[in-house]
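Starting off, we have a lone chain in the form predicted alone, written out as structure tokens.
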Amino acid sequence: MRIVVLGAGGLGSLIGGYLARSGVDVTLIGRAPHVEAIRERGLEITGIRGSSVIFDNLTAVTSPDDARGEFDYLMLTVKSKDTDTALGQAEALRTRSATVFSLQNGVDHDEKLARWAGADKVIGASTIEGGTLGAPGAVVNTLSTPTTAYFGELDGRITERVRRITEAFNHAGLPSRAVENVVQVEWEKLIQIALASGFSVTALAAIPEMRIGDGLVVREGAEFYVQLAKELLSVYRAMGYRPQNFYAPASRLKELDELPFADAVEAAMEQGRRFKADAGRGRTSMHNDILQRRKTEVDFIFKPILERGHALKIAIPTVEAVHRIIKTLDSNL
């Protein structure tokens, strides 16, 4: 199997590295300092799965034009705000990639990939796996769950190409499932990210040392978190979905949806105490973007939810307020 990773930052390098370590031929397309470090010293991965340095089955290049040969899969992992630019620069890969999928945040990437490569080449995919660049050539694996990735055809089928990539992820130590409802998985992940990011940025970012656990152990913070969750989930339910906690135990959307408000607040505070006991948890990528004064993915995360909510005539004032606050911050980054 040959895979090309378009956008080999933290997440793309992490997954590409694990796949290469398991025997998949992987080409990473990333920024020059990162690529140069990988060429010189290999790709270093540290974090929750231990430490390793990967040389074999791994090629690193700075441009799609330098990726050689035919690929079974193209994996898109750039930030959502960079999708159009990345695909525009990857014309050389469009006809040489048999199947394409995205592991980005948001829910509009499948349509963009279909316009770029053709709908017949696109499969749905979603992951919660967390990877950050600690330095050029070095990735930190920060988060995983018992099932960390899902794959499926957008029309609900499970085909051979879906099974192959699912098996490759599992063989690489990334527990994955082939599912018939991958579109629901993508939407539930969006709701989960909007909740964590919206709460994290608006409640915590003014004090750089704060993490999600620090906010949830405060009753008023937990009340804000639950109110935001209830509104986000009202849109999700109106679309015909019911929370499944695809990324349990990180996801507790079912409990937040089913419990009365007061009980959900108590559950959120207990979750905050668990987060505080795990010093490595509690930062979303959007929170880190704000702290590092980088443009965020705010519109890619919140606009699809706002648009669905308005179309379904659901009142979501807390979601609207969170979006407005983050947009205000984002406009000054």
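Everything numeric in this text was worked out from a predicted model, so none of it was measured. Start at 1 with the first residue shown and count on from there.
The same protein has a further form, the form predicted in complex with a small molecule, not shown here; the description that follows concerns it.
Using a 4.5 Å cut-off to the small molecule in the predicted bound form, each of 9, 80 and 127 places a heavy atom inside that distance. In the predicted bound form, at least one heavy atom of residue 86 sits within 4.5 Å of the small molecule. The small molecule is not drawn, but in the predicted bound form it has no heavy atom within 4.5 Å of residue 39. Not displayed here, the small molecule is approached by residue 105 to within 4.5 Å at the level of heavy atoms in the predicted bound form. In the predicted bound form, at least one heavy atom of residue 131 sits within 4.5 Å of a heavy atom of the small molecule. The stretch from 266-274, 22-30, 47-55, 304-312 that comes within 4.5 Å of the small molecule in the predicted bound form, counting heavy atoms only, is 22-30.
Note on the partner interface in the predicted bound form: the residue among 177, 189, 112, 164 having a heavy atom within 4.5 angstroms of the small molecule is 189.
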